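Form predicted alone, single chain, as structure tokens, below.
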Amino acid sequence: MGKPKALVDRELCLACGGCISVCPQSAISMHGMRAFVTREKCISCAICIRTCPVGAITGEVY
């Protein structure tokens, strides 16, 4: 089993961009005014999870 990767709940995402600015791997981008995580780039650092003001990002094991 791998480490948890960031997963965005698109219904909760406010498109504030905070997660994009803190991701050290540039694994998060905007798609249709919501954040999207490229799982292959995610290194499971959880910085985005701690940064999201509405808790729209969680860790999911893939």
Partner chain sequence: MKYDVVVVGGGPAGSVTARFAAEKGAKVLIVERRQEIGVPVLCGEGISRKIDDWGMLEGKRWIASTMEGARIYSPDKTCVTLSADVAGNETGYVVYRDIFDQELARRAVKAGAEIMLNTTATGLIKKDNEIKGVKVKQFNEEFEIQTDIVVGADGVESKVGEWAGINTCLKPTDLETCAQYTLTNVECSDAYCDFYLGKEIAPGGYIWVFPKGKDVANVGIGILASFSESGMAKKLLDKFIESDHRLKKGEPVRFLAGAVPVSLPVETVRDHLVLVGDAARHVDPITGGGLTHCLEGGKIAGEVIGEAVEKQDFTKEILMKYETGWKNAFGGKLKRNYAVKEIMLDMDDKTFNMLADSLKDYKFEELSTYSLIKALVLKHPTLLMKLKPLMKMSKEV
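Residue numbers count along the first chain shown, from 1. Quantities reported herein were computed from a predicted structural model and do not represent experimental measurements.
The same protein has a further form, the form predicted together with the partner chain, not shown here; the description that follows concerns it.
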field: Close approach of Cys42 to the partner chain in the predicted complex, 4.5 Å, heavy atom
entry: no
task: May I ask you to state whether Val37 is within 4.5 Å of the partner chain in the predicted complex, using heavy atom distances?
output: no
query: Do Gly55 and the partner chain share at least one heavy atom pair within 4.5 Å in the predicted complex?
result: yes
query: Going by heavy atoms, what in 12 to 43 lies within 4.5 angstroms of the partner chain in the predicted complex?
result: Leu14, Ala15, Cys16, Gly17, Gly18, Ile20, Ser21, Val22, Cys23, Pro24, Ser26, Ile28, Met30, Met33
